[in-house]
Structures are given as structure tokens and as C-alpha cells.
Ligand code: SIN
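In the form predicted on its own, a lone chain appears below as C-alpha cells.
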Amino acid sequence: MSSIPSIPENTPHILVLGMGGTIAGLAPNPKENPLQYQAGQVGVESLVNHIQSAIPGGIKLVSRQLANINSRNLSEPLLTGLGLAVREAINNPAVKGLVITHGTDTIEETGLFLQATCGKLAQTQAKRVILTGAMLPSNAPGADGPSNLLDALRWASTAIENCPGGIYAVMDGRGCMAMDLAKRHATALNAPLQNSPSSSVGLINPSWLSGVKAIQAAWNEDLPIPQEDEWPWVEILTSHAGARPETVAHWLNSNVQGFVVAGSGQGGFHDAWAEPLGRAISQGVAVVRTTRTGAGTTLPNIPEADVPGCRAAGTLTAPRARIGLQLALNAAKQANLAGKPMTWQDFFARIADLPEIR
């Protein structure tokens, strides 16, 4: 990956990191069928140039392409590269804020990852990192990408009273903590913000802001970013009618290190899975339980007592819980190598037990 472009040390700028996605997509027949398109076709420099005239004056923009993919193909090595680039930029005194253009399919994984690995750094350095994307390709009539990018750039560069540095996301005129962003509709323009606690980009809601500050007060230390080839292997298993024990048991001869069980209702899973999950835990496999509903809190020992060693995910959805578990497993490994014995549960609790924004 290329380094941040060289500019004079005293020249403030907003760094725009491109990851691809629908915001950088092109449709062959945008007027007839804008939803049939190929993501990751337009460079981030072109996206920035398209709205250059509307950017507030006084701030220089620097763009850098990290990837240009359909975000359904997001990989762990790409997350490592993104996390390192964000940390580098936050520590660069010339960078006054960051915007990341990203596909919406996996933006919730990236939001949780950045909060867990860069959230404290962004807060202490008083810099905002803003994730954004689009639901329509760049050449579609009424494409939402330009307005989302413009809002993200304004939020990253403008002094917003009392809004601290941190990891945020902007879509459809609203902003939220990036760890709260989740795509909950296949096509709606506000899909990533549906059911996410958020505030208007133009006028920050005081109750939302107080929730942000409560979370940041509880977030004491960022977790380490795994090396590209050191991400723990964690799978998501979804409980359903007719679930078979073999769904779990066939993994037990593999090198899998963790399961996130997306259970029904309040996070319960099929009785057929109790025995093989117990065996998995006895073999050292980490198990986290969440709900397949996509919203709400998974509480410990509800609806029934947890299998010993199983951890409830709190408000984390299955995709976010998977990233959280991977980071927790890696952090525990690093801590033990440094002679500081800690468990994955210790690190996972830092992510799952944060205050909720209501």
C-alpha cells in the first residue's frame, strides 16, 4: 500500500480513504436498472473531485485508495491494512480528520473493528473518523453517494460543538457511532441507519451525544490490530428449525477457534446443539451467543442458563460479534505472550458490555 501523500507539515487536510463499494459502483443501464451494477469501479479521487466545488473552503483534501472492492468480499487482511492506515493518519498532525468510503454490505464489521482498535486513539487525538457509503451506484439517477460523502467531509472537518473525536458513520443525512451502523434493509437509502441510534448531521441531538460520551468514557484502551495472517478463525452458526448436531460437530476436527451462535428470539439455540457446543468449549473453542433477529440485547442466561463457557454478546449482532471475538482472541494471545495472563472473555467484555445509546 502507498503511504499518505507527502504535503507540507503545516498544511491541514482531511484524508479520504477509498475501500470501494456501491458508492464507487457503475451500472451499465443506470436509468433502466440502477440496482444492477458492479461495485468498486470508480476511484476515490474521482469521487472527491465530483463534489470538490461544494467542500467548505480552507481544508485541503487528500485521497488514498486502499481497495476498490465489492464489500461483500471484504477480507481480514484488508481490515488490517485499513486499521493501520487509520492509526497512521490519526497520529499525523497534518491530518485533521478522516473519511472512509466503504460498501454497505459489510460496513458494520468495519465500524466495530475501527471502534475496537482505533476508537480511543481517535478520541484522545480529538479527530473524527467518518465511515460512509451509498445504496445506489455513482451513475444512477439520484445517486446518494455524493451527498453522503459531502456530509461525511463536513462532519470530519467542521468544528461541531462538544462532539468529540471518535469513530462515526454518516448516511442519508444522519450520523451515528460506527459501531452502531448495520444494514437492515436490502434497498432503502437509509438501510444502514435503520434502528441505529443516530443524530442529524446538521444538528447534534444532546441525548445522542450524551450516550456517545458515556461509551467513550467506558472505552479505556484500544485492542491490538491482528497481523494479516494472524486473524483467529471464527465462524457464525445460525440456529433454525430442524438444526442438526452435525452442523456444529463437523467443525470440531478443524482449526476453528471460535463460534458465534446466532440464536432465535433472545439468543436461544436448538437443543440439538447443546452437546456439540459443550464439546467445542471443552476443546478450547470460544463460543459467543447472540440473536439472529438483528436487534436487541442478548443477555446472560436468558432464555435459559448458558452452557458453561459460553458468553452472551450484549447488543452485538452476529457479524459484529464475530469481529469482536476475533479481536478478543487475538488480544488474549498477545497479552499472554507478554506475560499478562488474560482470557478472551476479558477482552470481549470490553466491547460487549459498553453502555447503550437509547
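Residue positions are given as counts along the sequence shown, with the first one as 1. Quantities reported herein were computed from a predicted structural model and do not represent experimental measurements.
This next part talks about the form predicted together with the ligand, which is not shown.
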{"property": "Of Thr104, Gln216, Ser196, Ser157, the one that lies within 4.5 Å of the ligand in the predicted bound form (heavy atoms)", "result": "Thr104"}
{"property": "Among the candidates Val86, Leu112, Val261, Met135, the residue which, in the predicted bound form, approaches the ligand to within 4.5 Å (heavy atoms)", "result": "Met135"}
{"property": "Contact of Ser63 with the ligand in the predicted bound form (heavy atom, 4.5 Å)", "result": "no"}
{"property": "Exercise: Gly21 in contact with the ligand in the predicted bound form, heavy atom 4.5 Å", "result": "yes"}
{"property": "Contact test in the predicted bound form: Ala331 vs the ligand, heavy atoms, 4.5 Å", "result": "no"}
{"property": "Residue contact check: Ala39 to the ligand in the predicted bound form, 4.5 Å heavy atom", "result": "yes"}
{"property": "Segment assignment from 251-259, 67-75, 234-242, 218-226: heavy atom within 4.5 Å of the ligand in the predicted bound form", "result": "67-75"}
